[in-house]
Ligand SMILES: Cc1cc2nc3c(=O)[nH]c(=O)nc-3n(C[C@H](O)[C@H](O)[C@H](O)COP(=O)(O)O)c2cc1C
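Only one chain is given next, in structure tokens, and it is the form predicted on its own.
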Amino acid sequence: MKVAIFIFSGTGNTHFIGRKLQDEFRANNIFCDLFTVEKNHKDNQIINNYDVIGLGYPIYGSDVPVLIHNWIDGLETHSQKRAFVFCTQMMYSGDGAAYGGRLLEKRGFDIRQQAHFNMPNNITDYIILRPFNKHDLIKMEKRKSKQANRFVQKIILNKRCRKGSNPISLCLGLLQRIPYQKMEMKWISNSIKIEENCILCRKCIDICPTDNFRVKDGKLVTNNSCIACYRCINHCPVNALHSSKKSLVKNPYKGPVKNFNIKDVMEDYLTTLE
């Protein structure tokens, strides 16, 4: 069996789970490649070379990120190609993984497995939401390794497990998704605020997945294409970026593991096992 996992990760949580799943497949001597949808691959051709396709993304208001929507829209029909879906979330997303699964089913994929992975909060400029501490991260990594192992075993055995597909999860997902989608159109795309302490280091330009930043007349400005991934906010070296009107970032989320490099989420990780 050959597996290809496609992911989008804003600040590292989905990337972390994607690598865990890849490691578990490799531990079972299964060829597994990990791709980011941020890069322009010939994805339809790539998919044809694999037996099973995985899709992973962070949940935004029980919705999938715009980049994932666009990626799925660009897929050809792959009749009955086996696929699995996983999402990362802070608490609860209702039908977070099932929603992405339904979008893939419209492209002909046979969705056999869906999973939700609770991960540390990366929304760091709102007072009511705080990231977990380092001690929590250590415990989290052990728990997620076990959860990833269980999920991969179900994929290998082709056991059906579709988290979030029941009617209650669907209703709860809709309660979040409908208002979020309205808010996304009216507010999120131009939500980034830039403080005067910006040093024009251009890091946000380098790491933004939607090319939302540019320098104009010696100042950093936005292109109103934000998707609220929080990558720039958490990795600005002087905490000059935020989306909350009332608070700045005091404790940025630097990733799910120690010494995490944010540019890792933009790279493809390939295996050599068959």
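This one's a predicted model, so the numbers in the text were calculated from it and none came from an experiment. All residue numbers refer to positions in the sequence shown, first residue = 1.
There is also a form predicted together with this ligand; it is not shown, and the following applies to it.
Here the marked residues 61, 88 and 123 all reach this ligand in the model of the complex, each with a heavy atom within 4.5 angstroms. Think of it this way: in the model of the complex, this ligand has a heavy atom of just one of 30, 228, 37, 220 within 4.5 Å, and the residue is 228. Put simply, of 191, 176, 147, 165 only one has a heavy atom within 4.5 Å of this ligand in the model of the complex, and it is 176. In the model of the complex, no heavy atom of residue 18 sits within 4.5 Å of this ligand. Though the partner is left out of this view, residue 115 does not reach within 4.5 Å of this ligand in the model of the complex, counting heavy atoms only.
For residue 104, no non-hydrogen atom is located within 4.5 Å of this ligand in the model of the complex, even though that partner is not displayed. At least one heavy atom of residue 119 is located within 4.5 Å of this ligand in the model of the complex.
Contact with this ligand, judged by heavy atoms within 4.5 Å in the model of the complex, is confined among 61-69, 22-30, 42-50, 211-219 to 61-69.
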